[in-house]
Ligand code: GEK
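One chain comes next, on its own, written as structure tokens: the form predicted alone.
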């Protein structure tokens, strides 16, 4: 696993964050050192999907990046279960690496914009993906997923959120800052990456996400995981 040092040196201009070759090269290390509870979320989603799809079905991993979640789901489900996983991402660099690292006939990786991809899964996962979709398009995407997925379908949505309580939000952000420093990121790295993400990763509150899911038609919308400002939701059709 290559160490993330993309923002280690001062940059004359910090451009918007892009999921390109350089990011794909260090993405796994970046995620582990940036998202509290990242590996726990990955592991437990595998268990959740395996519990929901006991026999057969299709999983759509929207914004699959390097395929870490797809791999975990494959490891959690028996090969006799007849489950297929389709990972979709619009980054060629991410998809190329996912295809190279996962040699399993149950998995297919497609390079396409998730806004255009037809939903075929009885389980649909957006793991830290929606936050990179323009806000004006999020309602339509979630509503389309609900329409196209079969009855008794399950959506798993993980997001970094902004808390409605300003003091709590600032408190959690301060803890996260110290947590990243403990994992080797310098103040310069943290600052430059924050600038890169400022116009790309637009956060919403927990209530915003729950309201959107409910408005689209999902029932039993619950947050099953939270660590600081990182939350994962379960929503049933």
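Nothing here was measured: the structure is a model prediction, and the numbers come from that model. Numbering follows the first chain given and starts at 1.
Omitted here: the form predicted in complex with the ligand. The next part is about that form.
Student: Ok, 105, 112, 100, 75: which has a heavy atom sitting within 4.5 Å of the ligand in the predicted complex?
Tutor: Only one option qualifies, and that one is 112.
Student: Would you point out which of 91-99, 163-171, 78-86, 147-155 contains residues with a non-hydrogen atom within 4.5 Å of the ligand in the predicted complex?
Tutor: Careful reading of the contacts points to 91-99.
Student: Any of the heavy atoms of residue 42 lying within 4.5 Å of the ligand in the predicted complex?
Tutor: Although the ligand is absent here, residue 42 would touch it in the predicted complex, with heavy atoms inside 4.5 Å.
Student: Does any part of residue 19 reach within 4.5 Å of the ligand in the predicted complex? Heavy atoms only, please.
Tutor: Although the ligand is absent here, residue 19 would touch it in the predicted complex, with heavy atoms inside 4.5 Å.
Student: Although the ligand is absent from this view, report whether residue 48 comes within 4.5 Å of it in the predicted complex, heavy atoms only.
Tutor: Residue 48: no contact with the ligand in the predicted complex.
Student: Could you tell me if residue 127 has a non-hydrogen atom within 4.5 Å of the ligand in the predicted complex?
Tutor: Yes.
Student: Within 4.5 Å of the ligand in the predicted complex - does that hold for a heavy atom of every one of 27, 63 and 69?
Tutor: Yes: each residue has a heavy atom within 4.5 Å of the partner.
Student: Within 4.5 Å of the ligand in the predicted complex, which residues of 1-18 have a heavy atom? Give them in sequence order, or say none.
Tutor: Counting only heavy atoms within 4.5 Å of the ligand in the predicted complex, no residue of 1-18 makes contact.
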